[in-house]
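Given next, in C-alpha cells, is a single chain: the form predicted alone.
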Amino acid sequence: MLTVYGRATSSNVQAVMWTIAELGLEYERLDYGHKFGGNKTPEFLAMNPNGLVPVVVDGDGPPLFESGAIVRYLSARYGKDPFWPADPAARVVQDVWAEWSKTTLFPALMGQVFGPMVRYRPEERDNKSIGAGVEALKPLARMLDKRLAAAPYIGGEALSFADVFIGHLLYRYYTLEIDRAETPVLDAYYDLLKQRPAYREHVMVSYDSLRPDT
C-alpha cells in the first residue's frame, strides 16, 4: 500500500493523488504541510530534505519526493498502455508536454498568478505583476488549445500520465477570476476532465484555506 504525506490542497499532492486514483491503487494519505505542519521535523526531513510535500512511500521502498518523479514512477510500475505508453518513442512525445507543464505552465500560473492572488490580501498584491502574469498565460493556453485540437487528450484518445501534469493545474486556472484567452478546445478538454470521478475528488479541491486569515 502507498503512504502519501501531503495535504489535499497542495497542487503537487493533487497530481499524485489523481494518478493513484486513476490507477486504482490502495493508499493512505496523511495531512502534512502548510497549516498542518509536520514537514520540517527531523523525521520528515529524513524522507525529503527539501521539507516539501508530497512524499510517497510504496510498501517497503524508499521515500520518494518530487511530484513529477512520483507520477512517472507510479505510471511506469502500475500503469499500462495507453496511460503509460510502452513504446518510448510514443511516450516521449507526451513527456515533452509533461515537462513543459512543469517548466513553463506551472511557474506562469502558480508563481505569477495563483500564488500572488490567493496567498496575499488584496491590499498586499502587486496587481501590475499579476496582470503581466495573466497576459503571459494567454499564449500558453493557446498552445494547449492547438495541441488538443487533434485529439481529446494530450496523448490521443485516452487519458495518460501527461494529462495529469497539465490537467491538475486547470482547476485553478479556470476558477481564478482572471481574463483568459479564448480557447474553446482547451475549455472542452477541461470539461472532459471534470467528468472523471478521480479528478473531481482529488483535483477539484477548494483552495480557500490557502488564503490569509482563513
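From 1 onward, residues are counted along the sequence shown. Fair warning: this is a prediction, and the values are worked out from it, not measured in the lab.
FYI, the form predicted together with a small molecule isn't displayed, but the following is about it.
Colleague: Using a 4.5 Å cut on heavy atoms, which of V185, L52, L30, I178 is close to the small molecule in the model of the complex?
Modeller: Here the answer is residue option L52.
Colleague: Report the stretch among 200 to 208, 6 to 14, 19 to 27, 187 to 195 that approaches the small molecule in the model of the complex to within 4.5 Å, counting heavy atoms only.
Modeller: In the other structure, the partner sits against 6 to 14.
Colleague: How about D145 - does it come within 4.5 Å of the small molecule in the model of the complex, if we only consider non-hydrogen atoms?
Modeller: Contact with the small molecule, no.
Colleague: Is the gap between K102 and the small molecule in the model of the complex 4.5 Å or less for some heavy atom pair?
Modeller: Answer yes; at least one heavy atom of K102 falls within 4.5 Å of the small molecule in the model of the complex.
Colleague: Just to confirm, S160 within 4.5 Å of the small molecule in the model of the complex by heavy atoms?
Modeller: Taking the distances in the model of the complex, the answer for S160 is no, it never comes within 4.5 Å of the small molecule.
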